[in-house]
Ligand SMILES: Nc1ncnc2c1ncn2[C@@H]1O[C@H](COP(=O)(O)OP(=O)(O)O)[C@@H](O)[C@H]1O
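Shown here is one chain on its own, the form predicted on its own, set out as structure tokens.
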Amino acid sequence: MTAEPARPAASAPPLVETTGLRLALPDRAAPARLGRPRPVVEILKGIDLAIRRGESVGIVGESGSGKTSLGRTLLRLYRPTGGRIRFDGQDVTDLDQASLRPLRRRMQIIFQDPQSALNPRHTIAEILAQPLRAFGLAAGRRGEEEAAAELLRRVGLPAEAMWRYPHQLSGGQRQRVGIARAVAVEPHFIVADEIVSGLDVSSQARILDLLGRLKADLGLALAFISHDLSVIRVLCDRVVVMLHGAVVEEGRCDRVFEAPQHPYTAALIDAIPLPEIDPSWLERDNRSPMRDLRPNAIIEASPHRLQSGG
């Protein structure tokens, strides 16, 4: 069960805020022509978004909706082509990489695929030491090893795991290392990009529980990107629904799930499979609208079946 997060005050100033955010990137699907640049495609179309300290905001949409591009633009891994981004009140829209460097410690990302995000030639100790060195947070080899052991303990892995290589860990364990690397520098804001999409259901639950506890313990602001609304519902305070690069609905998770205002949001919610039905429960309540369901029946998703990515 995920730890119940402390809800941020609605009046608290945003830690991360965008106004009219736009992003256009070269169209990789278009054929390259000698002497001519590739045509550009508008990925983000005027996004207004605010994320407060201690708040988890789910960003959901099917493949190609722009949610991953939004996450990376929030971190200024992409430079926007329009609009503004403010981090803790500072306009970071046009900062160059040298000016962004002091802010990098405060904003981190957890990638979808830990297999490719972790250097296979480095031990876990070395992987965790790199961000510590970059920001001068550990003194010498001994200090790095002590910090790595503490980070591994914090994410539920034994200290001995620091001497292993990524391929010697399971997918869930690798993702825990990715989380440990992100929190190593004590950030204020984390973008988690589809981080449970490649895991089995039990591993997903454990990772979500871990992330919820870390968010509460560290007071993190979290942008949690997913194509799976059921995952968003477990972890997040608010949800932002994206379609074709635009936000079509936004609100508290309980409100959006109970009374979606946009037909696309309703279709996404309809696509969530129902849990297995206890036959004894059906027998006790014949008035239930689900009384005709067989035990263990699988509810087919709507035609808007989602795909991972974005």
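Model, not experiment: these values are computed from the prediction. Residue numbers here begin at 1 and follow the sequence given.
In what follows, reference is made to the form predicted in complex with the ligand, a form of this protein that is not presented.
Trainee: With the ligand left out here, work out from 80-88, 157-165, 94-102, 67-75 which stretch has heavy atoms within 4.5 Å of it in the predicted complex.
Mentor: Single hit among the candidates: 67-75.
Trainee: Can you work out which of P263, P26, G46, G251 has a heavy atom no more than 4.5 Å from the ligand in the predicted complex?
Mentor: The residue in contact is P26.
Trainee: V41: heavy atom within 4.5 Å of the ligand in the predicted complex?
Mentor: Taking the distances in the predicted complex, the answer for V41 is yes, it comes within 4.5 Å of the ligand.
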